[in-house]
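Let's start with one chain on its own, the form predicted on its own, as structure tokens.
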Amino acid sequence: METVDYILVGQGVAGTLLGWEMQQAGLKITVFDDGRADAASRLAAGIINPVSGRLFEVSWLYDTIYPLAKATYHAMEAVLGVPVFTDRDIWNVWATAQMRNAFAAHPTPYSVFPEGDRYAGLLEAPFGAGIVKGANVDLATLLPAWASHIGARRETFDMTALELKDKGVVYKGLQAKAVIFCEGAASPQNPWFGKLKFHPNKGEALIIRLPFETTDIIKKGVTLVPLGNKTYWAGATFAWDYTDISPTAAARAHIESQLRQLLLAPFEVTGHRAAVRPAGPDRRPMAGLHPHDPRLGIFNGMGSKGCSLAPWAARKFVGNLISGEAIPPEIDINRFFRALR
């Protein structure tokens, strides 16, 4: 029987960063992932934005988590041999004078007004624009590169085959201390963590071509993230209620309408994607072993800040597993212990 320290189920942003931190700590892992094309991490543009809300407030713990995230992705680049992290200006086009004034009234270390208009004749921007210093992670490159590096098993994890033993778990000839679920939107169906109040939501995005190239992320209602060769990710929609995970004509029409309000240049739609995002009730990650069964764990709920939060949250979880360090209460699964009884 093969023995590892931990089995990870799911290899989106959460599973990838947790696996990385485990490997860096010297733990032996096996990763299972079903490779679903509609997984949220495969739709996401990997945006790292330091500010949130209408008042452009610095995001929760950003000054702590961003330097760690940047260092982590650069370390992964060195090991995996692929570029995945890019610092980018987020070019916020103001839809109203009130938004411009709010940006000016709430300065941060990451926000500046541009010295000139980089997009004269290309963008509809009667109220001007502001710059936020952000970044993005190329998940379309990172996830398969990590899967190849770690030897992820591309198969659906069979919950019925998991055996809970006195000193750990056994799964199809594989023995481990615990299995940790990083399943994203599939978590509500998990037999041990399904009672948590997950709020899955559907998002859709288009892939478009434009007649100009930029390294900036452009934002005004719709967000444009450069993919190279004048191709951009354009999105995303947000829907609590949905009947299936397929792309919809209504979402495409909505995004195209937003693009027409932003762009003076023509655009060509070359792709349309949809996925279901995981979300918790407090929009914070969920990390830790089950409070009543330490053979089971969860690492999920990274949300829209996943690319910046996941490296920090993963390191905290691994510190807990190795040396018993306390998981920060804001992300500790024990805050939901009543639901897990």
Ligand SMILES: Cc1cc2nc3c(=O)[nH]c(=O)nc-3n(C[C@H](O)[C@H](O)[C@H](O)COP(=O)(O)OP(=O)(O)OC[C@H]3O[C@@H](n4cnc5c(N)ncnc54)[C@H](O)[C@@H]3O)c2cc1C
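Computed from a prediction, not measured in an experiment: that's the story for all the values here. Each residue number is its position in the shown sequence, starting from 1.
FYI, the form predicted in complex with this ligand isn't displayed, but the following is about it.
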Find the only residue in Phe32, Trp312, Phe56, Tyr62 having a heavy atom within 4.5 Å of this ligand in the model of the complex. Phe32
Hey, in the model of the complex, is Cys182 touching this ligand, heavy atoms inside 4.5 Å? yes
So, Pro50 and this ligand: in the model of the complex, are they within 4.5 Å at any heavy atom pair? no
Closest heavy atom of Glu155 to this ligand in the model of the complex, within 4.5 Å or not? yes
Leu142: touches this ligand in the model of the complex, heavy atom cutoff 4.5 angstroms: no
Looking at 62-70, 289-297, 22-30, 276-284, which lies within 4.5 angstroms of this ligand in the model of the complex, counting heavy atoms? 276-284
Decide yes or no: are Val93, Tyr232 and Pro266 jointly within 4.5 Å of this ligand in the model of the complex, with each residue judged by its heavy atoms? no
For a quick check, can you give me the residues of 1-40 that have a heavy atom within 4.5 Å of this ligand in the model of the complex? Val9, Gly10, Gln11, Gly12, Val13, Ala14, Gly15, Phe32, Asp33, Asp34, Gly35, Arg36, Ala39, Ala40
